Ligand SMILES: NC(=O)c1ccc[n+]([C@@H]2O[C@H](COP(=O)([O-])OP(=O)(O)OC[C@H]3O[C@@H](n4cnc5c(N)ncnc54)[C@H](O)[C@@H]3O)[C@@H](O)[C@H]2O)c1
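As a starting point, one isolated chain is supplied in structure tokens, in the form predicted on its own.
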Amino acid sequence: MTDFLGYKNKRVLVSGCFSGMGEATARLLLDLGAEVHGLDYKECKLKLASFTHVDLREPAAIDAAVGKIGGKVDALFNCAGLPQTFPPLDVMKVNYAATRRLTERVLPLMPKGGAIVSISSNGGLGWSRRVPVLMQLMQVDSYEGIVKWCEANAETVREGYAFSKEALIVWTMMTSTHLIKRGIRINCTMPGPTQTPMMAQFEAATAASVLDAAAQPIDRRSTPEEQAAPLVFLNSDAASYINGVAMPIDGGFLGGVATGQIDLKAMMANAAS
């Protein structure tokens, strides 16, 4: 039981390892004995097996980064993301198109028993109401095609953040049914408000009342470490039968919404005011 999660000597890749949830994830994986390789726009200060600078808005840069890492990849952690304060197209590129491209390029390096996890958000909880339009996007199978689709559907994409996180959830669910036939699992998490360096940008773009409401019923923000642990669990040997899941990591927020104890309509009214 000393290696319950099974990361000792595993070779793993973490995107977005510079700060926040990605940095906390990479640090935890190092503690668990994994060989950790990192990707980010800014250099990670952890003692990784390798670090590769990459701009996820450039598909060729993603391809080159994966080629540089090479070798076997037992687990992929898609932790990179942009908030809604960036241009909507950049948000869609990093949060959805790049996550999909990176995953597709890593898959040939992944053996049976491999696992993938991505960070979505409770901001994507509206995915079930937009499945028809999201499935249109799912059928676009290239980075460049996704960008063109987003440009042509700017009214649907809007600020980019919520739609990108919805797309990530639906893509995870859709992809899981195919990858499991190859012995590879894919899941995602839906964090609630988390105190990372990115939070300042969420605070600039979102009413404080909405952020406070989204932290119910626990009434505090999570730490990056509290988000990293579920990510590491989902890609571990201990989670071998968990596949195609969008797991809320939100202190009970979605439970409160589902049982009528948290009023989403009131939150949206506050967001609009």
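Bear in mind that the values here come from a model prediction, so they are computed numbers and not experimental data. Residue numbers here begin at 1 and follow the sequence given.
What follows is about the form predicted together with the ligand, which we do not show.
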### Candidate from 92, 75, 102, 119 lying within 4.5 Å of the ligand in the predicted complex - any heavy atom
119
### Task
Heavy atom within 4.5 Å of the ligand in the predicted complex: which of 197, 71, 132, 108 fits that? Just give me the one.
197
### Message
On the criterion of a non-hydrogen atom at 4.5 angstroms or closer, are 66, 113 and 233 all touching the ligand in the predicted complex?
### Response
no
### 4.5 Å heavy atom contact, residue 57 and the ligand in the predicted complex
yes
### Query
How about residue 42: is it within 4.5 Å of the ligand in the predicted complex, going by heavy atoms?
yes
### Query
Any chance residue 253 has a heavy atom within 4.5 Å of the ligand in the predicted complex?
no
#### Entry: Contact label in the predicted complex: residue 21 to the ligand, heavy atom within 4.5 Å
yes
### Task
Given that the partner is absent here, state which listed stretch (161-169, 148-156, 134-142, 174-182) has heavy atoms within 4.5 Å of the ligand in the predicted complex.
161-169
### Task
Could you list the residues in 65-84 that come within 4.5 Å of the ligand in the predicted complex, counting only heavy atoms and keeping sequence order?
79, 80, 81, 82
